[in-house]
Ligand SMILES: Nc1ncnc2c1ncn2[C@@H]1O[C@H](COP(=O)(O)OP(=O)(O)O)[C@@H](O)[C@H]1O
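The data below hold one chain only, encoded as structure tokens and taken in the form predicted alone.
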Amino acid sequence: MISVKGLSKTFHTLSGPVHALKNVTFSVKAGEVLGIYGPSGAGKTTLLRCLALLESPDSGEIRLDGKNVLSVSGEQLRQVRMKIGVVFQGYNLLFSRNALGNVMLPLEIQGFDKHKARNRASTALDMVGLSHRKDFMPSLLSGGEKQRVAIARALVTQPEVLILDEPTSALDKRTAESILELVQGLNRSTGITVLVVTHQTDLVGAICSRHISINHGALAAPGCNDVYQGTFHEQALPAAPIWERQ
């Protein structure tokens, strides 16, 4: 479903060039949960931003369903971005809006009718088990609940790919495990392809079908297909519908 080939990115700073990505190549199958591991400064965030089409690489290609998405612009680029949901580290919620309002925001920006946006946002909150907190402001939500709102906001456009940047780094172990159980359940119930960018291999590795490791901007083991052998116990999750693709 996703094919990355020869991706390179260099930032030019006062201290000299920083080679954030060096000829990165890998692929992801539809419905897979891929872990992207590496220490701080390894190039994970730059890779995430390139995959989310928020950063332009210097060279290489990113193909989604066979199409090189780096060659599109304008309305086509907007349509491609709708297929990719991103949950950034730190939640990035608007504190002037309640949980439902935060989830509705992407749809409002796209020009959705307010009634339709509200219904779809309510469904997304139900999918992450947070419908009972939809009227709460972010300041009244726990860290785990804020993360669930952020995930619902990423899901509300019904993307084909969900990218999570360090989804458990700010959470205690028990809350982190509940978030990972949620992600695992969403993957199983909707078939969405998931990329998890993290340095916490001990926690996140258990839900990943494969992983790749990046360090100093390059894959530590190019073409790595190692299967993580851990186990993860899934809790009961709210039923989530299979999305009808537009």
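This is a predicted model, so every value here is computed, not measured. Quick note: we count residues from 1 along the sequence shown, nothing fancier.
Missing here is the form predicted in complex with this ligand; even so, the following discussion is about that form.
**Q** Among Thr45, Thr190, Thr193, Gln184, which has at least one heavy atom within 4.5 Å of this ligand in the model of the complex?
**A** None of the others qualify; the residue that does is Thr45.
**Q** Of the listed stretches (33 to 41, 59 to 67, 200 to 208, 173 to 181), which one has a non-hydrogen atom within 4.5 Å of this ligand in the model of the complex?
**A** Careful reading of the contacts points to 33 to 41.
**Q** Taking any heavy atom pair closer than or equal to 4.5 Å as contact, tell me whether Thr13 reaches this ligand in the model of the complex.
**A** Heavy-atom contact with this ligand at 4.5 Å: present for Thr13.
**Q** With the partner left out of view, is Ala20 within 4.5 angstroms of this ligand in the model of the complex by any non-hydrogen atom?
**A** Contact with this ligand, yes.
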